[in-house]
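The chain below stands alone and is given in structure tokens; this is the form predicted alone.
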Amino acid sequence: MDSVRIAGVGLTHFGEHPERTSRDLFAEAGLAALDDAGIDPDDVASVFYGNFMGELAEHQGHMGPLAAEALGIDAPATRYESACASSGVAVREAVKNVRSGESDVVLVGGAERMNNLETAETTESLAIAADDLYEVRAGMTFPGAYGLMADAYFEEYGGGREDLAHIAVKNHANAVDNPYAQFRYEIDIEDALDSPPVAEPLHLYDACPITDGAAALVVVSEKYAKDHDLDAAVAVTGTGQGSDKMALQDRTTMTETPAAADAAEEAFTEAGIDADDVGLAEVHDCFTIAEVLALEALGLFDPGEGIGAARRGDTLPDGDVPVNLSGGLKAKGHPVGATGAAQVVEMTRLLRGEHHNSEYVEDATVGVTHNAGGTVASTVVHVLEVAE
């Protein structure tokens, strides 16, 4: 089976861009990816586009053709929606498309515009990713849901707010020199602990921000890369997807995320690796407790051990497995429909040695991305490797 190569990547700045449309943001990221790849846009066979809340934020559905038009590409275009995992799913479908031989070149990514709404409106829009009948109508919000998951974890395994604060401090520090990040400043443990509560035990610095932004990448077949003498050293060697019951009350546990574990098993098996081979990871830390659950689902830490990983230094840039060297959703930002693709973009830059934090992973050849939707009812995992 030929490998799928990443020929080009592009990002916009993540932050507040209420004056820009999502199609405008995607055009910036997509054209940057095409320029990075150095290929003729006429060679793009398909455009796969992730977006979650376009109907609510921009009164705009049917966004696939708009995404292609923004790039000046005349090719079939499809929008993918899977809550915060929308562009992660789009990347997975692009990889499968190229791997199957259907296409040699696919441009894939996502965009989200969120800051043109008031905070309450954005919160309400995000809530449609939960079970409306049994969660939203009962008053549950995502901060509340992740607060419940944190409480359950502390009760089963121990740990507390200070452990979560170490995760927030780590990810803020990782974002300081990232030109694409929303929050480029450091915080300390006291800042995190003293910040106002959002949904106990989670406080302000446990939560990711509301973000506008876009990400894109060009994936190509290995044959196309060789025939066109492309510099495409990073390959996607594994992709996996998992699902779980939508509502928390229908699950057997709130301290595990089986959708992520299933996605990781599929992706790792495809790539022929296990957790010990992973040199670095970008995981879906929409809340600090989510990073803990992701680390354990990926098998990077045993159950109950993920909570102390940042405090012990295991996931710091100079630790055994650096996690969220981009700053993660927590500090880089979380434009929900773009996040999954952005993780793959950041991982590609890290493995290519072009990232502001690449110096910490010079010897790493295997990186993993983990992108989740809702309270991890949907998850996509990708394995990226330096192929040459």
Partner chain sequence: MTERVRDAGYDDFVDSLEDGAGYYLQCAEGHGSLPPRRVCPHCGDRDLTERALPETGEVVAHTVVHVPTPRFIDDAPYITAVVDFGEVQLTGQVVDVEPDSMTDGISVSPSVSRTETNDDRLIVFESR
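None of these values were measured; they are calculated from a predicted model. Numbering follows the first chain given and starts at 1.
Same protein, other form: the form predicted in complex with the partner chain, not shown, and the subject of what follows.
Candidate site formed by 166, 303 and 311: none of these residues places a non-hydrogen atom within 4.5 angstroms of the partner chain in the predicted complex.
Interface residue remark: residue 223 is not counted as part of the site for the partner chain in the predicted complex, having no heavy atom within 4.5 Å. Among residues of the shown chain, residue 251 is one whose heavy atoms approach the partner chain to within 4.5 Å in the predicted complex. Under a 4.5 angstroms non-hydrogen atom cutoff, the partner chain in the predicted complex has residue 136 among its neighbouring residues.
Although the partner is absent here, residue 197 is a contact residue: one of its heavy atoms lies within 4.5 angstroms of the partner chain in the predicted complex. Between the partner chain and the residues 75, 148, 230, 173, the one pair within 4.5 Å by heavy atoms in the predicted complex involves 148. Exactly one listed residue, out of 116, 241, 237, 141, brings a non-hydrogen atom to within 4.5 Å of the partner chain in the predicted complex: 141. Looking at 287-295, 107-115, 124-132, 264-272, the stretch with residues near the partner chain in the predicted complex, meaning non-hydrogen atoms within 4.5 angstroms, turns out to be 124-132.
In the predicted complex, not one residue of 160-185 has a heavy atom within 4.5 Å of the partner chain.
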